[in-house]
Ligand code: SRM
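The form predicted alone is given below as one chain in structure tokens.
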Amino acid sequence: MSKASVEDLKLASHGLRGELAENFADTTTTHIPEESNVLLKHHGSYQQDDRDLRAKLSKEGKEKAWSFMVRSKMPGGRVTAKQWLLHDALCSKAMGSIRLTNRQGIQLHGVLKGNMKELIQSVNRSGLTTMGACGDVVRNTMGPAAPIKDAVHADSQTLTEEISQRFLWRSTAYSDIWLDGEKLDPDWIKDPEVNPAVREKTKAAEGDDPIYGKVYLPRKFKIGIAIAPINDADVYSQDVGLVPHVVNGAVEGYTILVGGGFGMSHGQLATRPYLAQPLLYVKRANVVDAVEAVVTVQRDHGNRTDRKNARLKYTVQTMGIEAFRAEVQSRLPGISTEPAKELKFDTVEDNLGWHDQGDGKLYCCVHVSMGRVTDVAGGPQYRTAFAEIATTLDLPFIVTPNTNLIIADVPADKKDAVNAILAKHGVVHADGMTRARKVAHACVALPTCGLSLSESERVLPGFMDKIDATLRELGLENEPILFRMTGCPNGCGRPYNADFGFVGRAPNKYAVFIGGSIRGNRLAGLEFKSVTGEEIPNKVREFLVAFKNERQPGEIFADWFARTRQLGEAPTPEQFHVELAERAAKLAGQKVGEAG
């Protein structure tokens, strides 16, 4: 399918309907045409097949083992006990596990075509939705995970809901296809804390699509909010990052960052990761309007002929940040803007374990390996433990941007009960883990992702076992070092701002990027174009040994690497690729080709 044809499909789709209703009413087939799959993404689902079985089935002359991934949206990762139990029950119509995403959503993999409508109806009737969880629209809005009961956390969470409400697409196709025309509003739209002005503007737009028009956005659009100094939402990786400015304990306004994004293609220099840049600062009352202005500039100026260059990051680079800022400001008549505030972040990590919320209740952040909620044979029984907590204690959960799970609003007298359930099922908070293990993350990759070039989720734990051994040997087990892995260069696992990022190139072969930061505010550089999975722990060891020997007192890995490698802040695209090639070529004894 040509890149332009995606635009043609959206334009001719009658509000993202296409032939989806007919496709899913057809009980004689196991999958849908690719043209319909393009539209299905906007409804929150991807068509996939089991790639572990693909070769065997092809050899036998059989069709692929088709299924669908369904993704639920939950602004800021919030989910009630009832909603969690619904997803747990829906596992029976999927592959038996829940996958927590690093956009604070929930994915169910392996859903058969005949179960799709019932499953999507169930998600919506729980007060959540899948609408806009994928596709060329604003995706799930991320926010600070910790349920701290203060003004800034409350406002940031409310803002995730206001943004989610503003950017729902307006066509009734979703309701017509999946809900038999029934209008079901997500719980966060009904929240009385949502700004009334935002609610009224959304209602006024009902039946029209003043934001998306007829062809929606050129590509996906991601928004995240983080409260300094904790950058858990990875705001520099977002199309739009938002950071609150607090005065006397209250949120005065937000700094807006634009143009982050990590998708790239190996060997194609026209594609690259970028960190978001400061755009401007606006008062709280104008934040959602300012975000809309950014979105509509992307709608009108984004590249619609080449999807590999269609993200906002390329629009910002093409226009230049000053021209982009001027265009945004021209769409905010009567709204004053100021220069962006200076930002300082310390880490992207979750604060695992037990903590006070500030309202007399507690929360517990539980480490979930790779975000996969399942009952591991001989290991943690995540699914059973969380279902029991939801059933017996009726406590809400929060999905974190690091794919861990927070048990929230725990009364002090229920702490022992939570601990007992976790212990009974072998689920630990994070005790005894290296600090690196606590934050290490991988994308899903094989067998379900159709884009994956190599393993990710299924192999990173094994790699970390060996890396952990080195960390302990060197006395670095408590050092903040960020490891991330992704099965292809699209970068869903956000590897390009990690201290160590492993990016799939081919089966069991990875490009190794080094030199990002635990703070999430610096891009890594390509150190090794292609290494095998077995080589990765040894490559990492070389750098850890050098760090151990060369670090200055109190210096973390990210700062040591920047000092010794003389990395600047985010370089220009030309400098970026020249630097990668030069640095890779200088690695003594390594067979390194041109930078990817």
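All values reported here derive from a predicted model rather than from experimental measurement. Residue numbers run from 1 along the displayed sequence.
This next part talks about the form predicted in complex with the ligand, which is not shown.
Student: Please run the contact check for Arg435 against the ligand in the predicted bound form: heavy atoms, 4.5 angstroms, yes or no?
Tutor: Although the ligand is absent here, Arg435 would stay clear of it in the predicted bound form, with no heavy atoms inside 4.5 Å.
Student: State yes or no: in the predicted bound form, is some non-hydrogen atom of Gly105 no more than 4.5 angstroms from a non-hydrogen atom of the ligand?
Tutor: Yes.
Student: With a cut-off of 4.5 Å between heavy atoms, is Arg170 one of the residues that contacts the ligand in the predicted bound form?
Tutor: Result no; Arg170 lies far from the ligand in the predicted bound form.
Student: If we define contact as a non-hydrogen atom of the residue within 4.5 angstroms of the partner, is Leu100 a contact of the ligand in the predicted bound form?
Tutor: Within the cut-off, so yes.
Student: Tell me, please, which stretch of 22 to 30, 547 to 555, 533 to 541, 44 to 52 lies within 4.5 angstroms of the ligand in the predicted bound form when heavy atoms are compared?
Tutor: Contact criterion met by 44 to 52 only.
Student: Taking the ligand in the predicted bound form, would Thr391, Leu395 and Ile421 all count as contacting it (heavy atom within 4.5 Å)?
Tutor: Not one of the three qualifies.
Student: Among the candidate residues Gly253, Pro147, Gly525, Gly263, which is the single one with a non-hydrogen atom no more than 4.5 Å from the ligand in the predicted bound form?
Tutor: Looking at Gly253, Pro147, Gly525, Gly263 one by one, just Gly263 meets the 4.5 Å heavy-atom criterion.
Student: Of Arg78, Arg219, His87, His367, which one comes within 4.5 Å of the ligand in the predicted bound form, counting heavy atoms only?
Tutor: The residue from Arg78, Arg219, His87, His367 that makes the contact is Arg219.
Student: In sequence order, which positions of 468 to 488 have a non-hydrogen atom within 4.5 Å of the ligand in the predicted bound form?
Tutor: The stretch does not touch the partner at all.
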